[in-house]
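Next up: a single chain in structure tokens, the form predicted alone.
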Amino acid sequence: MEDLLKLAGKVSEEAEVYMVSSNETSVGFESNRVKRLTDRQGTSLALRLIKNGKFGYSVTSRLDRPEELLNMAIESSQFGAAAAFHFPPTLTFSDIPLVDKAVEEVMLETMIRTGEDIIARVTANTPGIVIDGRIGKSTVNTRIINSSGADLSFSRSSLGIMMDGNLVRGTDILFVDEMETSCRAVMNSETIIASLIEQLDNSRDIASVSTGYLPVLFTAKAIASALIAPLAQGFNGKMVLQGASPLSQKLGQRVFSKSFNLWDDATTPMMPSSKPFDDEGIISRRTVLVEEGTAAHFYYDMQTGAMAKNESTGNGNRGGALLPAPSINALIIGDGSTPVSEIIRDIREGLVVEMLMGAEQGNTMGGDFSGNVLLGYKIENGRLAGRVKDTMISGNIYQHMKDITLTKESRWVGSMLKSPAILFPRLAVSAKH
């Protein structure tokens, strides 16, 4: 990395070298059986430079050809965007616990047995269900150096379980899923099993729901599938700068219910989405996006922040081989005070939505969400009355999140969202009878 930085420094005004190395072991399950074992190591090296005031960029997995990487970056600078910032010097960051050395000691046989136990217990509860999934562990090492003297590095471990099942009975297909992930060497298989069985038990009966405007309770998983995309886009500094976000002129204004609080936070200990600094070397922080319903801040990378005459919020993240761009680290929605059971008890007819299919295909930039209820239950006279089929819901976050109730129970969905369940008092529901 140092040699590449020196080479780049001779032909450009500024330069940055970014390297990520990873080691991953996973077990894949398909149709209730172990399907594949994967043991993968990889390293990616990226060079970003500023030449004649413009960005050049290249990335490779070959570490033995620095001249080739440099030449590609120089060539791309001819067509690059004008640089609006300078690479930052080394900044002091707080240590965030992200490594559990015991992750490396988790045996492949243990992962296999854990997956087989989940499958055995769920299929014993519901004969005929077909389970697919993955259990994996990884360690990732990241380092950034640049011509301003920055030299930053950190490591992160992770261990995760993802399981989904489908049950086919005639023309009826039922889907259930669950996941748990952490930087710790703890496989919460009991949580996975309990959640899958609860979903299956709640789905044994089929119930029909009325077409019209009904109260709809989104679980945290449903929020992840339907609401996060429009929220993330609305607060993306790049979309705001382009005038594409509906929030562009609403900073400091009440946009949502006063009970709604939202922040982006990459500093949560032992979560795989956390990091002490982003992919540009900017120190991670807690960025409040919504405070008591008011649009408080947008999130930026260095380029977008500079163009908007703001600073980066530590959200400059790289997707694959792409240049850094503003993207969320981990969104956290503040808890409410009402228990889920109390909300359901007070509803005469409504829906609980676990998964929504196709929610991101509409005008998410405008705040729309709509789709088929892949998994959801009818609420009838204060209790769950069975699974709904052939049902669609639709709404808009800027209209319908002005009046919501947040529950006191929150959970992580993967490592990108922590949220309570949210009740919408009136959403459009269309059911085929």
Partner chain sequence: MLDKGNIRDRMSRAIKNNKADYLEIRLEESRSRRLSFRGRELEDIGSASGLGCCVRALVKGGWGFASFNNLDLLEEKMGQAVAQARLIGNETSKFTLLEAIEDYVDAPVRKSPFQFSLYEVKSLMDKYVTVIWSIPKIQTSIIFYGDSEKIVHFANSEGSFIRQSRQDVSLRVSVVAREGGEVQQAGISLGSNGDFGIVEGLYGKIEKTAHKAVEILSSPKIKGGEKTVVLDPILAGVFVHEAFGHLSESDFIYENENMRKLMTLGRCFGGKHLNIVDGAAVPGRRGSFKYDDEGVPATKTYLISEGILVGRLHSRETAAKMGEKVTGNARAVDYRFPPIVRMTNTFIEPGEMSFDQLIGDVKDGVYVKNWFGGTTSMEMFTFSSAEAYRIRGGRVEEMVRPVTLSGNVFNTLEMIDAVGNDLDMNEGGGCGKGGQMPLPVSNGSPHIRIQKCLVGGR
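What you are looking at is a predicted structure, and each value in this text was computed from that prediction instead of being measured. Residue numbers count along the first chain shown, from 1.
We do not show the form predicted in complex with the partner chain, though everything after this point is about it.
Asks: The partner chain is absent from this chain, but in the model of the complex, do Arg33, Leu322 and Val373 each have a non-hydrogen atom within 4.5 Å of it?
Replies: Yes, the whole candidate spot contacts the partner chain.
Asks: Heavy atoms within 4.5 Å of the partner chain in the model of the complex: does Lys51 have any?
Replies: The answer is no: Lys51 has no heavy atom within 4.5 Å of the partner chain.
Asks: Is there a heavy atom of Asn381 lying 4.5 Å or less from a heavy atom of the partner chain in the model of the complex?
Replies: No, Asn381 is distant from the partner.
Asks: When the contact criterion is heavy atoms within 4.5 Å, does Lys238 count as touching the partner chain in the model of the complex?
Replies: Contact with the partner chain, yes.
Asks: Just checking whether Gly366 would be counted as a contact of the partner chain in the model of the complex - the rule being heavy atoms within 4.5 angstroms.
Replies: Yes.
Asks: Which residue, Thr123, Asn166, Thr294, Ser148, has a heavy atom that falls within 4.5 Å of the partner chain in the model of the complex?
Replies: By the 4.5 Å heavy-atom cutoff, the listed residue in contact is Asn166.
Asks: Between Phe154, Phe175, Phe85, Phe93, only one gets a heavy atom within 4.5 angstroms of the partner chain in the model of the complex; which residue is that?
Replies: Of the listed residues, the single hit is Phe175.
Asks: Only one of these stretches, 214-222, 179-187, 243-251, 333-341, has heavy atoms within 4.5 Å of the partner chain in the model of the complex; which one is it?
Replies: Heavy-atom contact with the partner occurs in 243-251.
Asks: For the stretch 86-116, return the residues whose heavy atoms include at least one within 4.5 Å of the partner chain in the model of the complex, in the order they occur.
Replies: Contacts from 86-116: Leu108, Glu109, Ile112.
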